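Just one chain is shown here, as C-alpha cells, and it is the form predicted alone.
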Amino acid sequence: MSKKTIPSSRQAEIMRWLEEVDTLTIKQLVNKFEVSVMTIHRDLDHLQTGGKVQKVHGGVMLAQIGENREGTAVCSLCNDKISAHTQFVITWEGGEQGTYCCPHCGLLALNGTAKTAVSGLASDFLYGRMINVYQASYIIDSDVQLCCIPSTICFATVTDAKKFQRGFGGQLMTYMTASTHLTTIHRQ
C-alpha cells in the first residue's frame, strides 16, 4: 500500500478488512498502509464517530451496536443516539455486546436481565477513555442533562467526580449505589 493513500480510501479498506477478520491491531494497520500510528488512530476515530467500529486497547473491531434507519448507532435500551463521549458497552457471556447511550441505560441493562455480563466499559466523561464500570464513580442528577433522566455521568476517579459535583451538583455514587438507585426509581 502506498503512503499516498487518501484517508477515505484507507478507511474503506479498513472496513473491508474488518468485515473479513472481525478485529485488527494498530500494528497490522500501520504495516499494511505504511503510515504512522497517529494516522491510523485518526482514521479509527473517524470510523468510530460514525458508529462503524469500536476502538479497543491496541486495536479495533467492528461496532456491535444497533443502528437506526440513517445508519446512526443507537442505544440497545432506549434507542437514543450513542455518543462516544457517554457510551456504555457491556459484553455478555457468549460474546454478545450491548452498547448504550449513557451510564443510565447501561446500569439499568446490567440490572434488568438474567444474562451474565463478562465486562462493562464506559466512557470517562472528562477524558473520553473507556474505563471499568464496576470501578467507576458516578454523578447522578447533576445540572448537566445529556440524554436520559436522571442524568448519569461516569468518571474514572472519585476525585474527578467530586470536582464535577462541586460545579454541577448531583449525587456521588459507586457502581453498586448508582445501580441500585436507578433500578429503584425506575420501579416506582
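So that the term is clear: the rigid core is the largest set of C-alpha atoms that superpose within 1.5 Å between two forms. Keep in mind that what you see is a predicted model, and the values were worked out from it rather than measured. In case it trips you up, residue 1 is the first one in the sequence shown, and so on.
One more form of this protein, predicted together with the DNA, exists but is not displayed; see below.
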Check your understanding: Among 39, 119, 28, 157, which has at least one heavy atom within 4.5 Å of the DNA in the predicted complex?
Key -> 39
Review point. Can you pick the one in 126, 56, 147, 144 that has a heavy atom within 4.5 Å of the DNA in the predicted complex?
Key: 56
Practice item. Would you check, heavy atoms only and a 4.5 Å threshold, whether residue 131 touches the DNA in the predicted complex? Key: no
Review point. Though only this chain appears here, would residue 47 touch the DNA in the predicted complex if you measure heavy atom gaps against 4.5 Å?
Key: no
Check your understanding: Given that the partner is absent here, does residue 35 sit within 4.5 Å of the DNA in the predicted complex, heavy atoms only?
Key -> yes
Review point. Within 136-161, which residues come within 4.5 Å of the DNA in the predicted complex, counting heavy atoms only?
Key: none
Practice item. Tell me, please, whether between the shown form and the other one the C-alpha of residue 179 is shifted by 2 Å or more, with the rigid core used for superposition. Key: no
